[in-house]
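Coming up is one lone chain in structure tokens, specifically the form predicted alone.
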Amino acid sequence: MKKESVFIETYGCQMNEYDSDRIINALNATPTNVAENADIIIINTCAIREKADHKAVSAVGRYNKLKKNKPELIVGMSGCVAQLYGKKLLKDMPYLDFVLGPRGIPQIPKIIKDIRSENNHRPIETSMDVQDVFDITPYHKKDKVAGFVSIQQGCNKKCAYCIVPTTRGSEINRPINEIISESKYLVELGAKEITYIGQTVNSWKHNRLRFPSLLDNLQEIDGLERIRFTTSFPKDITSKMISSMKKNSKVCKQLHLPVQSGSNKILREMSRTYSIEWYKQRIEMLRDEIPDIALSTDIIIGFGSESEKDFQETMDLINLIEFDTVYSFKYSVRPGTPGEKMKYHVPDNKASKRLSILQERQKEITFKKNCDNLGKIIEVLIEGYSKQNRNDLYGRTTYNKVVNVKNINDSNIGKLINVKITEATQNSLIGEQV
């Protein structure tokens, strides 16, 4: 019997990318990059900001015409927007066949079967009471160099701006034997680098083990060349974790550590549970032990009572730490979060001006840091063909910098090679194999 083909349009974070790969395996389907060729179309959504969930809803609408011409086509929505709005989506979009929350992925084969066998049946699966949250391994294309493994679902932090506890539930940590087993499965398929993902990944614990012990165990996997992890929470950065990162030869010299604001007042309003002094101290500890570590962060502009003084404190932090990358956004009120109940947030036009100032400054810092690599010889893991020029290959450094490598053979895909950096752009580096 011919496998059904599935087209998945994914929005949002690495967790959503991972979930899309799990959906493919749960369906035992053939993935396709062409929506017109698919038997099933799924929009896997993100609800972290209002703009993101609007994009997801309009994406579903684009497939209405396709469904009219192909009545047997199944169109569904999964992910955080599906979890957040549930039945309302089915009511507002009569051409939508099903709604599936992040924890319902193991149920999708039954959902599709029920739709095929029952006329006008439009299932909704948004229960948080799921036993086997990690039951489905992700689809991983053979010889794909980089992959993801989820070690955690949900979050217990209750930050005032964040919708994740609503859409993904409370924190569930995955047993270490399952993490290692899935990692070995990806390595057998050709993965050389794995990013371990969770909402607050460094808070992982199982039985008496903590995150540093997990890193130590992952180092022992034969064939795994590089280990990354995201997203870390500042309060869970410990001296043991930093020591494990330093000693572990496979852990990349790069850390994403969201700060969200440079103002203690705003951090309190956000319920972030740490101070700027604590955050700076963690950065100092990291740089003392790993001097060349690359740092990235998230920043939200315009939350709550953010004043010009609070914003300037955020700018001061940017200038002091000089992050390699900053992911910055205007605050977006999310339904069901503590921030929704706050009486005041910075007006949109004022937040936009502040965001523009921050992003322009960060562009300067990022470009300067990229230029610092000129003339250096850096190890690069080659992942595939460059998007800029199909005659070139691209890869990433341990610092998570993208490098386009000129004039090398595709037999180098999946290999660690030394590259001399000859050019630097705003977003990437260019070099030649040594």
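Remember, it's a predicted structure, so these values are computed and weren't measured experimentally. In this text, residue numbers run from 1 along the sequence as written.
The same protein also has a form predicted together with a small molecule, omitted here; what follows describes it.
Of the listed positions (Trp278, Tyr185, Tyr95, Phe329), a single one reaches within 4.5 angstroms of the small molecule by any non-hydrogen atom in the predicted bound form, namely Phe329.
Of the candidates Ile40, Ala29, Ile48, Val402, Ile48 is the one whose heavy atoms come within 4.5 Å of the small molecule in the predicted bound form; the others do not. At the 4.5 Å threshold, heavy atoms of Asp316 stay clear of the small molecule in the predicted bound form, well away from it.
Taking the partner from the other structure, the small molecule in the predicted bound form has no heavy atom within 4.5 Å of any heavy atom of Glu225.
The closest non-hydrogen atom of Ile300 lies within 4.5 Å of the small molecule in the predicted bound form. Residue contact with the small molecule in the predicted bound form: Phe211 places no heavy atom within 4.5 Å of it. Each of Tyr161, Pro258 and Arg334 places at least one heavy atom within 4.5 Å of the small molecule in the predicted bound form. Picking from 161-169, 360-368, 79-87, 239-247 the stretch near the small molecule in the predicted bound form, with a 4.5 Å limit on heavy atoms, gives 161-169.
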